[in-house]
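Next up: just one chain, as structure tokens, the form predicted on its own.
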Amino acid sequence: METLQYIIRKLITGIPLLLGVTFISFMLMVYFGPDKTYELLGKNATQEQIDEIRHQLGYDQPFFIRYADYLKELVTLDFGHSDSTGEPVSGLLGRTMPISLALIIPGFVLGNLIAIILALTAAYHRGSWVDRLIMGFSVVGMSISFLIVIIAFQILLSSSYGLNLFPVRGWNMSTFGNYLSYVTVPTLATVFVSLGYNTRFYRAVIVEEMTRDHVRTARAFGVPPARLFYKNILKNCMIPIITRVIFSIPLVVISGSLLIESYFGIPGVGKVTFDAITTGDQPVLKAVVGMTAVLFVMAQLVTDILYRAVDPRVTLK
């Protein structure tokens, strides 16, 4: 009952945040976004033709009327039709989102799990050559552009100059084997890049926890290292770890998949967003921006609930 009441309160308090994000993003799209009028009519259109097409596009409506219509679209999930393809935007996102999730989830999960293991290893051997080696690898991963990493893995694993084991472009999920062949190279590139940032962050959190009084006391009483790291250190580090993981999800789903899908020609929501940016497809852009804002509000809610699950001292208020 307490959790349900908290969820309701959190959803209510998340409304101002959602309104603020959608208002700013909608204002930017209205005043700085593409104007489809002259693209549809050309440069030699008459004033009557311009007025008519602007009326059809809704450009002649007051700003707040258009913003209210945008909020209605978010609530009803009816974003109209894509300007580029004519396909319903809701159907477009419903078709592409599962592809993006299937593409991103393996790299996201592996990147965080391996980073936690490496961070624990580095923290346990703090100051030794093992720690310096892991941190050096992390710096290298952080220093290299994501695009360069993608190209390098593609040349190494997918071209005749390398091992030529995996497809160069495209996407196929008809069988599990096909899925693995297409997802391997993007996953390895994602893991390589994310390991640097994640490992350094998790190591810093773990090392800070290692200096706590309760950890020194447990070590003085002879608690085995494995139990010490699991019960006294890692469990107490879960709140910053959960925060980083959960709040990374909206960014990974949208911005992370945008570069990978555009480069590999994968028909996910990232590729759709990239195409919408380049063509000025406002219905798709408004849907993506709005759904991203909703994801952030939901991430905040899930994060607070997970805090309570991993640390009973946290209260849901």
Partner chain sequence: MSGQSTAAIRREGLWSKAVYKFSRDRAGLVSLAIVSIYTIVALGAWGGLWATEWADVTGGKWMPVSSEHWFGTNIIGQDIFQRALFSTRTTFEVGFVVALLATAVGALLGAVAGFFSGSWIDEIALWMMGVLDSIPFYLFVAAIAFALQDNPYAMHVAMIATFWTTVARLVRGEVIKLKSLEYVEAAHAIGVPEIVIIFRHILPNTFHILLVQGTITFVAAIKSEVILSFLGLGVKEGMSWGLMISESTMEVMAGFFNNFLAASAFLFVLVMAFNMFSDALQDALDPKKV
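Just so we're clear, the structure is a prediction, and the values are computed from it rather than from any experiment. Positions refer to the first chain, counted from 1.
If you look for the form predicted in complex with the partner chain, you will not find it shown, but the lines that follow are about it.
Of the candidate stretches 90 to 98, 103 to 111, 146 to 154, 180 to 188, only 146 to 154 has residues with heavy atoms within 4.5 Å of the partner chain in the predicted complex. Contact annotation: Arg126 falls within 4.5 Å of the partner chain in the predicted complex, judged by heavy atom distances. The closest heavy atom approach of Arg200 to the partner chain in the predicted complex falls within 4.5 Å.
Although the partner is absent here, Leu74 is not a contact residue: none of its heavy atoms lies within 4.5 angstroms of the partner chain in the predicted complex. Using a 4.5 Å cutoff between non-hydrogen atoms, Val21 counts as a contact of the partner chain in the predicted complex. The single contact residue among Leu163, Met173, Met142, Ile117, judged by any heavy atom lying within 4.5 Å of the partner chain in the predicted complex, is Met142. Not one of Ile12, Ser248 and Ile305 places a heavy atom within 4.5 Å of the partner chain in the predicted complex. Residues of 258 to 283 lying near the partner chain in the predicted complex, listed in sequence order, are Leu258, Leu259, Ser262, Tyr263, Thr273, Phe274, Ile277, Thr278, the criterion being any heavy atom within 4.5 Å.
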